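There is one chain below, alone, in structure tokens, taken in the form predicted on its own.
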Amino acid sequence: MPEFNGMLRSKLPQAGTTIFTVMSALANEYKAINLSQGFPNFECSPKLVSLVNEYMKKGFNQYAPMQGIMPLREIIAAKMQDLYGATYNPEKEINITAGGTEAIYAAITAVVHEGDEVIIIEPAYDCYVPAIELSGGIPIYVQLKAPTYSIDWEEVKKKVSHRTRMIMINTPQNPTGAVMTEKDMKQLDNITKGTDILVLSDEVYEHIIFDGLKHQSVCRFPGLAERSFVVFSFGKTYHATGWKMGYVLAPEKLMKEFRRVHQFIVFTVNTPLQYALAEYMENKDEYLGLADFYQQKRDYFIHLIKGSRFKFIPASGSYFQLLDYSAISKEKDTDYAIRLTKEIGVASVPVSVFYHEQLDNKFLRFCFAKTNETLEQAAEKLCTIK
């Protein structure tokens, strides 16, 4: 086929292939243990798979309503009331989405205009900034404070201007595993109170939180909830990331704008999966037991690598653990991650890629949502590093 030789101006000139794709491809090439991309290597519930199959056989294979099926929205509303004391109208304030990423993109696209500023807390998941830039918005960065990765709210206040349209938060946080506290939420409430600033809260790891901590959803705080899009993930909760199923909550006024955009991105999402999830969510233990399940994974992984030269603070949430390799090498984290994959046989993600200026603190991110056998094999390799 002949090449197109006309003028083409990229809308994302700085964007390349995501680091997750790069590191997973490298892991495959070198037959390395892949602890880079954030997905479980164990199966989701056979019962849930059976329910999907059941609804397919029953003929639930055509378009669902754009907002999502009502039984799923109703059980989500009940869950939010039970967990966070938050009341959301399932008809007007809940929408099923094609994963958390689509929800984030649609929310940003719906309300961010040319020249609007959006405050980003970094290191930040890599889909945030491209969505802002595609809408003509301007990302404004505030760095979490290592090694605990806490938020400096005084710095956030300084970054707020008359052009601030939105503040984005993520708790539990990817990639650091940090968790926002009640005090953090009250600080955010104080900053946004009496303003037109919106909040986009990425809470896809809401159930993966450790050491007795409680997830401080913005839904718990009425002053924040009234100005917030809140994003959740079925894939993270039910070990089915490939299904790309999520949902977003927002007050009616914001949800109207969200739906204007959502309908033209995907219109609606997988119908039999929605019916299966609605039925499966009736068993609350499946998500209420997730914290204990993943804390065992985290504890086992850090137990296995205690004899290594890596340093770490146990993650407070998510299924990622940061490891500090500064005692091992002075290489850039991108170079070291590649070498670790090729020579040691364990793939990770360098944390610098989550910063707009590629800040290198000598940390790598490892996903522990893996079988114990996989974690044992990876840890054995990591412990051989001198």
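The first residue of the sequence shown is number 1, and the count goes up from there. On a predicted model such as this, the values are computed, not experimentally measured, just so you know.
The same protein has a further form, the form predicted in complex with ligand GLN, not shown here; the description that follows concerns it.
Interface residue among 229, 205, 234, 301 relative to ligand GLN in the predicted bound form, by the heavy atom within 4.5 Å criterion: 205. With the partner omitted here, the residue from 41, 37, 334, 329 that has a non-hydrogen atom within 4.5 angstroms of ligand GLN in the predicted bound form is 37. Contact annotation for residue 320: at least one heavy atom lies within 4.5 Å of ligand GLN in the predicted bound form. For residue 308, no non-hydrogen atom is located within 4.5 Å of ligand GLN in the predicted bound form, even though that partner is not displayed.
Shown alone here, residue 174 lies within 4.5 Å of ligand GLN in the predicted bound form, counting heavy atoms only. For the chain shown alone, residue 125 is a contact residue for ligand GLN in the predicted bound form, at least one non-hydrogen atom being within 4.5 angstroms.
Heavy atoms within 4.5 Å of ligand GLN in the predicted bound form are found in exactly one of 29 to 37, 356 to 364, 46 to 54, 59 to 67, that being 29 to 37. In this stretch, 10 to 25, the one residue having a heavy atom within 4.5 Å of ligand GLN in the predicted bound form is 20; the partner itself is omitted from this view.
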